[in-house]
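Take a look at this single chain, the form predicted alone, given in structure tokens.
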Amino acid sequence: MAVGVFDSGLGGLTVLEALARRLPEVPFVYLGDNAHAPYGVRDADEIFRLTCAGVERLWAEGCDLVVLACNTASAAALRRMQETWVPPDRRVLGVFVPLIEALTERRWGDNSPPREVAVKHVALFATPATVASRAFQRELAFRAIGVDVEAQPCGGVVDAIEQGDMVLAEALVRSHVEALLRRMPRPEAAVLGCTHYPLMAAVFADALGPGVRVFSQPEIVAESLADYLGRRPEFLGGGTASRFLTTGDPKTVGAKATLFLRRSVPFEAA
């Protein structure tokens, strides 16, 4: 009954932690494509190819349902995968839709026509590839009208976090927030559109100032997945054990993940 969690590197571990807390009875198999990280600087075709390869590896582990805990993969590859590649007996879900459902105060899985919502001015912080894809704006337009989105590509933040340089990461976050606020001085909400960014959520909130609600993905995605599995339990796969897999060097990735999560994470070669 394992569920797969795919990420280009370590950021998806923030989502995995929330999933494991919310669904302690479900085993999760995590795959980080560390050999090809970061995805945020790659083109859409390459991201699609790499993401499909990662999902296929998780299917081989008995994970009939895979969560793309990577905003870049969700933005650049997910819709194409769902429309042209995923077979009917499997499911691949992303992290954007649950976030947008929370932002627009919809019930999970509500596909009714777009409508007016309370929030009118939204700041989006994401990787350059996610921003370039405009996937967030596209998915938002399916659900809400009259919402102004200002997107800020946050170059360098992911690399700084994965290298453990939180001083540099904080400086970069504050610089990116400052740049966005020059274009949108009074956002009502801010979306952290990268699964690394929850580690810097307090810095984003402080830099944005009071009155801006910051939406971070891990807990939102966990609640959405719990609801989905309640409605579609048939997509719990045949896997039975939790594992951590990587396309990179397991020892190196495990050491970085231990710093990332502040606990030991035993990675295996994928």
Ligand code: DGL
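None of these values were measured; they are calculated from a predicted model. Residue numbers here begin at 1 and follow the sequence given.
The protein also exists as the form predicted in complex with ligand DGL; that form is not presented, and the subsequent description refers to it.
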item: Ligand DGL contact at residue 173 in the predicted bound form, heavy atom, 4.5 Å; value: no
item: 4.5 Å heavy atom contact, residue 239 to ligand DGL in the predicted bound form; value: no
item: Ligand DGL contact in the predicted bound form: residue 40, any heavy atom under 4.5 Å; value: yes
item: Residue 194 within 4.5 Å of ligand DGL in the predicted bound form, heavy atoms; value: yes
item: Stretch in contact, per heavy atom within 4.5 angstroms of ligand DGL in the predicted bound form, of 64-72, 206-214, 50-58, 224-232; value: 64-72
item: Triple contact flag 8, 127 and 158 to ligand DGL in the predicted bound form, non-hydrogen atom at 4.5 angstroms; value: yes
